[in-house]
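What follows is a single chain, given as structure tokens, in the form predicted on its own.
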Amino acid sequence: MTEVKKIVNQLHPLERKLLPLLKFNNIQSEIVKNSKLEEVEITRAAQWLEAKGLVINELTITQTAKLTDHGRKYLEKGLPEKRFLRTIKNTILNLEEIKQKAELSNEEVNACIGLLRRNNYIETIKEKEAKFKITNQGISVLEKKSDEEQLLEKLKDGAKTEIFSDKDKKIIEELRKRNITRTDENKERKITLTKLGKEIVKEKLDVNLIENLTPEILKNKEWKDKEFRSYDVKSQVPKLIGGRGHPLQETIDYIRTIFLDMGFKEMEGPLVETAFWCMDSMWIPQDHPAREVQDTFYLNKEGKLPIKELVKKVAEVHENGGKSGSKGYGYKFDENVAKQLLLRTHTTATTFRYFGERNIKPPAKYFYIGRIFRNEAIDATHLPEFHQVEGFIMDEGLTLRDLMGYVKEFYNKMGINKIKFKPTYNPYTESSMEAYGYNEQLGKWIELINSGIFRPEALEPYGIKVPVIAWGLGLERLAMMIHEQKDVRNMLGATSDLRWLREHKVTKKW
């Protein structure tokens, strides 16, 4: 079998339909008009033919500059700045007089003043009201056509931008910003036969080959009188990218495994919370800065409060300390504030929901992995939405030493051994501390976890008399360290590097 015959036998039906058409026209848009083929069919066939070396596909992009409605108006009446200057050529006028005589709008006149002042074409005379006078430079400009006016003439019927000089293109761009011109882009695809392609089109292409072997063909013995279409097993095929686990989800799954292995039970809670569960229930004062709009995303609706008895106990702790031994905050608790709906700012809201709704008894160990929302400025280590890992242990005799031990044990299992602690302040824990981990990629210590022992004021409404140690950590920052990323935006969100996500392999370093 000759090479030409071999290629003919490999042609797809769409390729067989397109090749004869290329003898008469190579413009794709024209082929679409004059054939029964769809544009997508022609594009696909052209790509296959190019891979076989039978055609060359070319994409030509041309830009045409045209006048907008404003531009056509200015072509007829003159540019606003010229009309402004003509109006004051032999007189001094105020702004309102210029607007009326030159027939300019407020926007046009304001744009003219800035433009003309920058070029020293006018000067302002301050009397009872500001008036405008033309300068010598302004008079000289009126006596000749400007580059802009000459361009308006050229663009009367539109013109391809490639014919213009760099200077003219710059002026066209300035006029576009003023909505005087617009640039239209035209894409034209050409499909040109190669030398081999021209040989192929001389062959008989409308042969009826068997594309797929079916039971019917075998049964009717059609294969005896027809040829099979041959396939080039060496030809390039599209790369298939299958689904795979996201690195962040991989981290979530492993964290869940660690907590379950350590004997914890998993919690669940809603994304939209009331201020009661997200703030009040854990003894965050109602005038705390964390409640401000700058930190919290509020919804324009109210939620429902839990049973009155619990609300009353929480209110008493806020107002006077209740039975916790504290003096409280000394203000009147406002139930309307507690009803506000918001996107939860931490998963600790779910912990207190469990205190209030599940009647948890010691000993108890719970964890939760959930998404939270804060009005943060986006940078390499901050996002307005991210995941938090929440955990608490309730038992007799727990101390800060136990909390530090659990935190270290958790991070050691994640492969992070450089951990240090520092005291901090939380309204609902005392003692409170932060844990920092050393990020090798960033070359610095970053905050990993906020933790502490819940205060008596936070626990008293729920009848909890034993210590409760608790923590909340940012999942994305932890995932950054594990997967050696320098930017948290690569772990979550639309700006993630798609190539890295596709090439990512599960490599547990913990």
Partner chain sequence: MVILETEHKQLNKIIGRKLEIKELEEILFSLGYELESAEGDKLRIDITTERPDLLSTYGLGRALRAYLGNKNDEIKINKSNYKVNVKQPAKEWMNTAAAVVKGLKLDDEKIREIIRVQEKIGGTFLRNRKKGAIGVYPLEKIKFPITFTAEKPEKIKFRPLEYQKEINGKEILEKHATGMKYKHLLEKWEKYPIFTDSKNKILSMPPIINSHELGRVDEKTTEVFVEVSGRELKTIDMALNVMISALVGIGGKIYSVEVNYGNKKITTPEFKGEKRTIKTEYVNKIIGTELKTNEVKKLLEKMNHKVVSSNPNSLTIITDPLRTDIWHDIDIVDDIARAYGFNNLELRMKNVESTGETTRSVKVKEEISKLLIGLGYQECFTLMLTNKETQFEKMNIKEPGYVKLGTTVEQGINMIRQWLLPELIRVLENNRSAEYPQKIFEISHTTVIDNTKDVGCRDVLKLSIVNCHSNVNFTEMKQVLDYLFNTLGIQYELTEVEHESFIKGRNAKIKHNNEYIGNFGEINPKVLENFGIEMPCTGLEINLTELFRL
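Quick caveat, the model's predicted, so the values are computed rather than measured. Residue numbers count along the first chain shown, from 1.
What comes next is about the form predicted in complex with its partner chain, which does not appear here.
Asker: Can you pick out, from Ile241, Leu218, Leu142, Ile210, the residue that has a heavy atom within 4.5 Å of its partner chain in the predicted bound form?
Answerer: After the contact test, the surviving option is Ile241.
Asker: Given that its partner chain is left out here, which of Gly114, Gly415, Gly263, Gly158 has a heavy atom within 4.5 Å of it in the predicted bound form?
Answerer: None of the other options qualify; the answer is Gly263.
Asker: Does its partner chain come within 4.5 Å of any heavy atom of Lys190 in the predicted bound form?
Answerer: No, Lys190 stays farther than 4.5 Å from its partner chain in the predicted bound form.
Asker: Is Met491 close to its partner chain in the predicted bound form, meaning a heavy atom pair under 4.5 Å apart or at it?
Answerer: The answer is yes: Met491 has a heavy atom within 4.5 Å of its partner chain.
Asker: Is Tyr329 near its partner chain? Define near as a heavy atom within 4.5 Å, in the predicted bound form.
Answerer: Yes, Tyr329 lies within 4.5 Å of its partner chain in the predicted bound form.
Asker: Find out whether any non-hydrogen atom of Gln10 is located within 4.5 angstroms of its partner chain in the predicted bound form, and reply yes or no.
Answerer: Residue-level check for Gln10: no, no contact with its partner chain.
Asker: For the chain seen here without its partner, which of 68-76, 167-175, 248-256, 94-102 has a heavy atom within 4.5 Å of its partner chain in the predicted bound form?
Answerer: Result of the contact check: 248-256.
Asker: Any chance all of Lys36, Ala51 and Ser230 sit within 4.5 Å of its partner chain in the predicted bound form, going by non-hydrogen atoms?
Answerer: Verified in the predicted bound form; spot residues all out of contact, no.
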